[in-house]
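One chain follows as structure tokens, the form predicted on its own.
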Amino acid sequence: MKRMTRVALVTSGGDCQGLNAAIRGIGKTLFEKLDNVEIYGMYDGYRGLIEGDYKFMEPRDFSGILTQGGTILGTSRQRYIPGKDIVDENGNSLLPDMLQTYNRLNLDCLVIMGGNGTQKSAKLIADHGMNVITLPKTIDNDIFGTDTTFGFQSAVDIATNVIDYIHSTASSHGRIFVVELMGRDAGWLTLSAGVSSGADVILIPEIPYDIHKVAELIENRRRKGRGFSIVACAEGAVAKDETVLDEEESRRKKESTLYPTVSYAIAAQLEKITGMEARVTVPGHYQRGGPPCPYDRALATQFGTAAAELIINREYGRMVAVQNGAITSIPLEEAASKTKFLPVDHPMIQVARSIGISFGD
């Protein structure tokens, strides 16, 4: 009798487009290529693994989900102490409970789908004796070792569409519009959407901005008869004068601010400097919702099938990635080692500068 292969699927952290397509790719490939396979879907990410709450998945569970947004398994966040532990609200380690579920189900492997933080916590799980394969999913595109992540292009499409629609009302009223996009640490999404939608200013975490430089571009546009301006602003954008603050000073500044997010502060400053009316649009989680675009459906499917091949070949401790257009995999410890920030000399930044887009620097 052929050996039984037992796999558990985990979707961790924030959801995004393409998770179900990846789940489908894994399941369909394993059922197609293995005679004896059991697949368990862990409910709500690590919570299912911790509490032993799961679904035994059959071939029909992987049908009809290619175009579905979110994750059919649900997801959640757990407190992660970098490089040390995954803990509950009281600081108790959750790793023993995870290992207990892993051993009770006699699993061969966990396939964990998640973002930057998930890659790091998955490495910790692997270090505690569980076989792990990961897939890179995030709209931020900030996972090291892969050219892109699934969910990113869908979010770019949505963010671009938002700014496209803002253009007509901004033009009609002669206003400044600040559109705040996701991207706490990295500016990949804001850069791509900003260039694609014809934004006039792009503010990203990697390039601290001077609000007077932003206002200067807006006033130059007005003098040339362009009575409106669009600012694409990452949620993690930071002003130059804030980069010199230490951690305590930065914390006090955030606590004392009158504005809910950075875009509202920028809009208020631009109104004061330019005398123009400024409005804020924050699409928020709208960027993570809805069906995946065709590109992400294909990419997530490729990632899923590649993960299944790693399982079949028992190549654990790796993250599936795309590099130079080819699907590959890299050691999990490499993927978890750092964040993929947007290089300030990236060719797309140079393109943006060449067509007159300001980064506020």
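All values reported here derive from a predicted model rather than from experimental measurement. Note that residue numbering follows the sequence shown and begins at 1.
Separately, the form predicted together with 6-O-phosphono-beta-D-fructofuranose (F6P) exists; it is not shown, and the next lines address it.
- Residue-level contacts in the predicted bound form: of Lys240, Arg77, Arg252, His167, one residue has a heavy atom within 4.5 Å of 6-O-phosphono-beta-D-fructofuranose (F6P), and it is Arg77.
- This chain is drawn without 6-O-phosphono-beta-D-fructofuranose (F6P); in the predicted bound form, the residue among Leu135, Ala193, Ile139, Ile202 with a heavy atom within 4.5 Å of it is Ile139.
- The stretch among 81-89, 203-211, 283-291, 158-166 whose residues place heavy atoms within 4.5 Å of 6-O-phosphono-beta-D-fructofuranose (F6P) in the predicted bound form is 283-291.
- The closest heavy atom approach of Asp97 to 6-O-phosphono-beta-D-fructofuranose (F6P) in the predicted bound form falls outside 4.5 Å.
- Within 4.5 Å of some heavy atom of 6-O-phosphono-beta-D-fructofuranose (F6P) in the predicted bound form lies at least one heavy atom of Gly183.
- The closest heavy atom approach of Asp108 to 6-O-phosphono-beta-D-fructofuranose (F6P) in the predicted bound form falls outside 4.5 Å.
- Annotation for 226-243: the only interface residue with 6-O-phosphono-beta-D-fructofuranose (F6P) in the predicted bound form is Glu235 [heavy atom within 4.5 Å].
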